[in-house]
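Just the one chain here, laid out as structure tokens, in the form predicted on its own.
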């Protein structure tokens, strides 16, 4: 049996805290008034790829970098914390391209067929998509047309290439 990863948190945190400096004084609102929506993929290091630092932006992550899934956080980011620009990043090699909502529902229910509680998965839309750029354009459109997003918000869409580290402006 493998060792739990959480047991490795303490030492690196001690090192991080020792060099924390004045980060505890950063204001709550992001300094650049920017919210970034991106995927939860572990290969994505938003800070490094975009040259931003702690305190600059809200980083909103979810499976696929879905704007629909991020809307709650966008509303809080804008209405309570002053962000006025949103950048949506999807990426190549995304796991969201590998299944459909119906397939994932079946996987969950088949994992324990005698457990009727798992049928609740039928109420979840996993927001799968078959193509990156089209999905990105739809997410940008969704936010631009959403009345809960503040008027005048600049919204852009980007693709991050996990193979090269490069970004490409799409919408």
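Source: prediction; values computed, not measured. Numbering follows the first chain given and starts at 1.
A second form of this protein, the form predicted together with a further copy of the same chain, is not displayed here; the remarks below concern that form.
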task = May I ask you to state whether residue 57 is within 4.5 Å of a further copy of the same chain in the predicted bound form, using heavy atom distances?
result = yes
query = Is residue 113 close enough to touch a further copy of the same chain in the predicted bound form, meaning at least one heavy atom pair within 4.5 Å?
reply = no
request  = Would you please decide whether residue 137 lies within 4.5 angstroms of a further copy of the same chain in the predicted bound form, comparing each non-hydrogen atom pair?
outcome  = no
query = Any chance residue 43 has a heavy atom within 4.5 Å of a further copy of the same chain in the predicted bound form?
reply = yes
remark   = Restricting to 151 to 169, the residues within 4.5 Å of a further copy of the same chain in the predicted bound form through any heavy atom are 151, 154, 156, 158, 160, 162, 163, 164, 165, 166, 167, 169
